[in-house]
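The form predicted alone is given below as one chain in C-alpha cells.
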Amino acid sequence: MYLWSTQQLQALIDLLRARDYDVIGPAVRDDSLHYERIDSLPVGWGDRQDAGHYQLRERADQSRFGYNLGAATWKQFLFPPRETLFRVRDGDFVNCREAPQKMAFLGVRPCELAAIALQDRVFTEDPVEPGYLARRKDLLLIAVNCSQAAPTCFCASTGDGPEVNAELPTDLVLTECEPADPYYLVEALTQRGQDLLEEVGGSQAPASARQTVDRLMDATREQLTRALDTEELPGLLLGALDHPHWDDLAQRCLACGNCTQVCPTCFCSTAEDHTDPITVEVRHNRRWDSCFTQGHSYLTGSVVHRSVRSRYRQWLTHKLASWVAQFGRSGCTGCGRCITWCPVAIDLTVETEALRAAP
C-alpha cells in the first residue's frame, strides 16, 4: 500500500491523459454532481440526500471525494443512452460503431463497481454486446472506498459496500483520509494498477494503514441507517404478486421512470429506425428504455403491463427476484439512487417490508 498526496492524485490524472485516456470522474454542474471528462477533481463538495431530496453543498475542507452519489452513473459511458448502430442507403449496410477511446473511471464507489460487474454479466456473456465489450476492454477502474454514507445508502445489505470488494475487477483502490488536508492510501489490485502506482510514485504507507482503512469503513457502516432485508426475498416477492400493497404503490408512483434512469444496473433498451426523406437513408438507433413506459411491454399487438401497478411490480420483482435466477444475484447494489431521485420518495426498502406483511 502506498501513501499519496493530492499532488500525486493529480499526477495520476495527468499521466493517464498523456497516454490518451479519457479520464472520467466527478464534476460539479447544474447544482449536482456528474461524471464527465475531467482534467482535475473538484475540491470541497458534498451533498445532502434523503428520499426524494438531493442538494449539493460546499464542504469546509479540501476533500476530493466528500460526496456520495449524484444521478449520473458510469453505465452511460459503457452503454450509451442513445447510439446509432448501423445505417442503410441504396442497399449498402454501414456499421456505425467506431473504435472507442480508451477510458479511465476515477472515483468509482463500491456499489458502482458491483454494478459494472453486473452489467459485464449482462453484456459480455452470451449473447455478447460488441459495443459494450469494445468500450470495456481497455477500461481502467480506479475505485474509492466510501468514507461516509448518505441516508439513502444500504450497500451493506446487498454486500456491495462501503468497502471495495477486491474480488471485483479493479486496478487501483483509493481511501481518502483526513479531508481537511487529504492524503490517500492506495492499493493496486492488478498488474496494470501496480505499474501506475510505481510510475506516480509516493511513499510506502505506514504499517498502521490497514487499520486506518478498517476504522474508516467501520465508521461508514455505522452511518448506514437504511437496510434491505434480503432473507428469502426472491421467493417472497414472486409469491406476493397479488398483494394489495401493489395497489397502494400504484397510487403513489408516477411511472416517470426516474428510478430506472438513475439505476446503475438497469439495461432495458429499445430500437428505432429513422428514414431521411431526401436521401432515403435509414438509421437504426438504440436508446435506453424503461419498464415504466407503456410501450416497453408491447408484444404481438397489445401491451402486457397496462397499469402502473403492473409496471412497478415488474420492475421490483425483476430487480430483486428474477435477476437472481438470471445472473446469480440481485440487480440491486444498494446505491440508493432510486430513493433519492424518486419525486414522490418511494423507498424500496420500505415497500419490500410492506410486502412481507400478510395481506
Partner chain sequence: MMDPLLPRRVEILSVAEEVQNVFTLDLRPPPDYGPFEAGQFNMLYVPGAGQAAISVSGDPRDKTRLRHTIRREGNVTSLLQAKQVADHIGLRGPFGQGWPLAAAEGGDLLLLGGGIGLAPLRPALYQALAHRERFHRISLLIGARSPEQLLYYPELQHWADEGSLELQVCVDSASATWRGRVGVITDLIPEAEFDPQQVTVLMCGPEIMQRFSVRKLRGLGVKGEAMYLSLERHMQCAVGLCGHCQLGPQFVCRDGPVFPLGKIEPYLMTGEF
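Note that this is a predicted model, so its numbers are computed, not measured. Numbering follows the first chain given and starts at 1.
There is also a form predicted together with the partner chain; it is not shown, and the following applies to it.
- Only one of 194 to 202, 102 to 110, 170 to 178, 277 to 285 places residue heavy atoms within 4.5 angstroms of the partner chain in the predicted bound form, namely 277 to 285.
- Exactly one listed residue, out of D247, D242, E231, D218, brings a non-hydrogen atom to within 4.5 Å of the partner chain in the predicted bound form: D242.
- The listed set A27, V304, V43, L56 contains one residue whose heavy atoms approach the partner chain in the predicted bound form to within 4.5 Å, identified as V304.
- The partner chain is not drawn, but in the predicted bound form it has no heavy atom within 4.5 Å of P80.
- Contact check for Y183: every heavy atom lies farther than 4.5 Å from the partner chain in the predicted bound form.
- Among residues of the shown chain, Q251 is not one whose heavy atoms approach the partner chain to within 4.5 Å in the predicted bound form.
- The shortest heavy atom separation between F123 and the partner chain in the predicted bound form is within 4.5 Å.
- Of all the residues from 315 to 333, those having a non-hydrogen atom no more than 4.5 Å from the partner chain in the predicted bound form are T317, H318, S322, A325, Q326, F327.
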